[in-house]
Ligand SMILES: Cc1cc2nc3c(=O)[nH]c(=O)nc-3n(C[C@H](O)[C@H](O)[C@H](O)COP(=O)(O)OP(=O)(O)OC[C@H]3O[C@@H](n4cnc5c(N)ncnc54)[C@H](O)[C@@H]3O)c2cc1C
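Shown next as structure tokens: one chain only, the form predicted on its own.
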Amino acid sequence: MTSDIYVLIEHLQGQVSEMSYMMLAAGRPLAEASGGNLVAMLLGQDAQELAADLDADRVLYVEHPALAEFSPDAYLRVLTDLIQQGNPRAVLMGETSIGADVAGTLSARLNLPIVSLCRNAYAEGGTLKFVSQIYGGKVLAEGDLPEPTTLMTMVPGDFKAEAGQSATAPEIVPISPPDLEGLKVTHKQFIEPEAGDVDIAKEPILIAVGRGIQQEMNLEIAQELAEALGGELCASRPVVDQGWMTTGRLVGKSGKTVKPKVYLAIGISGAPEHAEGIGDTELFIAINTDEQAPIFDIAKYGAAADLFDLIPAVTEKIKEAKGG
């Protein structure tokens, strides 16, 4: 076993995910505490330039046409080799469609423990610890990272993407890929969702609506608030699944990642799948009747109140402040 901390870098269509930078930020204090290096694992084809701003001590770069886009079968073969050869203290992967697709199988193949849904990781008295959310984020579990190697899947928590970026390019170590012939799952094409009427990823003010809105007709309450603020509506998965909003307005793992100046979450519990789509937001406000809802753990301000009482009153006050 080494003391190194490995981080799987996720990228899509030539862009490194914000989650990857957050994981580098989370891995840095672990590497310092264990006395090892922070090592990024970058898999791709002609993707060396993606390593330029990674805050890692070195980057293990594996190139192959089968790795041009994410393929679970190809990633599993490569990651199995990298982890077996490097024997890191911990391996950080995102609780994302990529990380979650490979983490469980890696754990089984390598006979390694896995800690899922980690919000935080830190060192205490020389011991590496994790903080993981369970029961939809309503309970936080804390414990020691098992030795010698632990796999971890991370959710957005206490780390900022900027902290995982560096102006100095790290050392790139080319690694020969294993045999990637005869893959059972290969990438064929991207199927983009239909363009919506607005790009929520570029909007500075977003009013996010969740299951707590109860009925489609109640969206009018949120729409009036959005118009008063000069913002746009977006939604969590349950609202989109009901057909009340288009997929173009979905925030989360299977939707868009947003970074507005103001994000007001109404009736949203704050499940990891939704939280993953919320980037750095200057002002994050949550309204939910459940005082224990995990959305309050990531919001800057929160109100445990009935949205049907609070939102119309807030809307009226905003209109009054704007002179009607």
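Numbers for residues come from their place in the sequence shown, where the first is 1. Here the structure is a predicted model, which means the values were calculated and not measured.
Note that the form predicted in complex with this ligand isn't included here; everything after this is about it.
With this ligand left out of view, choose which of I298, A47, A33, A271 has a non-hydrogen atom within 4.5 angstroms of it in the predicted bound form.
So the residue touching this ligand in the predicted bound form, by this definition, is A271.
Note which of Q214, Q189, T168, S176 lies within 4.5 Å of this ligand in the predicted bound form, where distance is taken over heavy atoms; exactly one does.
Checked against the cut-off, the match is Q214.
May I ask you to state whether L307 is within 4.5 Å of this ligand in the predicted bound form, using heavy atom distances?
Yes, L307 is a contact residue.
Taking any heavy atom pair closer than or equal to 4.5 Å as contact, tell me whether G252 reaches this ligand in the predicted bound form.
Answer yes; at least one heavy atom of G252 falls within 4.5 Å of this ligand in the predicted bound form.
P260: touches this ligand in the predicted bound form, heavy atom cutoff 4.5 angstroms
So P260 does not count as contacting this ligand.
Is R77 close to this ligand in the predicted bound form, meaning a heavy atom pair under 4.5 Å apart or at it?
No, no contact at 4.5 Å.
Taking L82, P88 and L151 as the candidate spot, are all three within 4.5 angstroms of this ligand in the predicted bound form by heavy atoms?
No: none of L82, P88 and L151 comes within 4.5 Å of this ligand in the predicted bound form.
Pick from 48-56, 263-271, 34-42, 63-71: which stretch has non-hydrogen atoms within 4.5 Å of this ligand in the predicted bound form?
Correct option: 263-271.
Scan 274-306 and note down the residues that get a heavy atom within 4.5 Å of this ligand in the predicted bound form; none is a fine answer too.
In sequence order, H274, I287, N288, T289, D290, A293, A305, D306 come within 4.5 Å of the partner.
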